[in-house]
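Subsequent text provides structure tokens for two forms of one protein chain, presented individually as structure 1 and structure 2.
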Structure 1
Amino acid sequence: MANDGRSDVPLGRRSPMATTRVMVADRNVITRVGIRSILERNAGMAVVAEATTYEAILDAVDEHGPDVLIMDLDLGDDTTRGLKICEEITDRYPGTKVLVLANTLSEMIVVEALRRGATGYLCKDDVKADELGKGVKAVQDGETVLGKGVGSMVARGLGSSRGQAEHLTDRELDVIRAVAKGLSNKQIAVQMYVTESTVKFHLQNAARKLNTHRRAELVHRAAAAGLL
């Protein structure tokens, strides 16, 4: 029942040349309008829906059944939420390909997104106007599209983590966020209703996963990965 919604929405497939139905998910109006303008220069492409929140994405995909969903993983304060949505879409709506259009380039996020079913990953600041249209077409055909610098990152990411990127648990993220605020382990312990030992435990695990052993770098990497 998951993708039944698609069958009753073949509207828009009426032009002589099949139209690529695109949906855009981004919190930023300017970006949404920009993507729409760029894509609609190409004949045969139409932006059929937009979404600005995580909740709205699933509804809109279900309702409009786009061929390609262009999405920014960061639609709120939680990029991991974006990753989950990405996985959910590709699981439940195999007819909709996901093209991630990210603000930043973080190895961890790139690897996770692809592992969860994204067919393409482009970086906003690097993408050229014509690349966007080509990327959408390629992704629609099931071809994997990786932007400038993304490819090598994937290679490294898959190599270093042997196929499965370790990702931070909720608790670890909580601790890191507290560290970023300048709290000491003791203060964090009080705030989280656990002991200082536990705080140190989570930090050690997080540090190992992010491949560092210094809290300053830990915070920096987590921030760079869009985790804060």
Structure 2
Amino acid sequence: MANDGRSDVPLGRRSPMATTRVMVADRNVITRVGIRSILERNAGMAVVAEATTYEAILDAVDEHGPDVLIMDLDLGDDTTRGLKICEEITDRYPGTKVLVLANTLSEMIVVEALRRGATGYLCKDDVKADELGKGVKAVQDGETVLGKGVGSMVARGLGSSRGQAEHLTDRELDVIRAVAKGLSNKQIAVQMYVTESTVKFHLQNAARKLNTHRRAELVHRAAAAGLL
């Protein structure tokens, strides 16, 4: 709740007069300024920190202890890293709720972000100013907030067959990236210090999850989902 802020964060940095302390992680300065302007129209809300890189997010969350982190998963064109940051924030700082504010919608990314701890997912092009403020307050209070079209997308992702509902592991993504570089199974095995059979195992699992049997299509679908 709003009054249960992190006790280890110095009061001077916690904006003690604010009941909802927000951090914004986005590489676009206009977006950051816009979010700040929108949110600080709401009584009790304050943007206490900003970040433009993945590296800066953890340090800023640790220092300022925001109640809500609004983040774009693509701070450096690496959605998988953004997802890992989301998971790490959730694990290390459970008092900070994560609200994803994305440029585009991808069923796989939406479901994966929620699986890794995000409690809200909105699309920049669809969210209105008043909806953003309400969404921040809702996730702070422990609710799940899904933007226009996101709810049905999540339902499809969670209601699909077992193979489609499962998600790519970090190891499977590493193998797909290697395939995208044109490496053979043998070369991938050497690079990852595993056997060729292990590489084949990861490829088979990834292919099943993405519903394809061709290496090129596997790479294409992973890329289309923003995972490469």
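Structure 1's sequence is the ruler for residue numbers, which start at 1. Bear in mind the structure is a predicted one, so any value in this text is a computation, not a measurement. C-alpha atoms forming the largest set that superposes within 1.5 Å between two forms make up the rigid core.
Annotation: structure 2 represents the form predicted alone, while structure 1 represents the other form.
Once you line up the core between structure 1 and structure 2, the Cα of Ala60 stays within less than 2 Å of where it was. Put the two forms on the same core and the Cα of Val179 is off by 2 Å or more between structure 1 and structure 2. Relative to the superposed core, Ala206 shifts its CA atom by 2 Å or more between structure 1 and structure 2.
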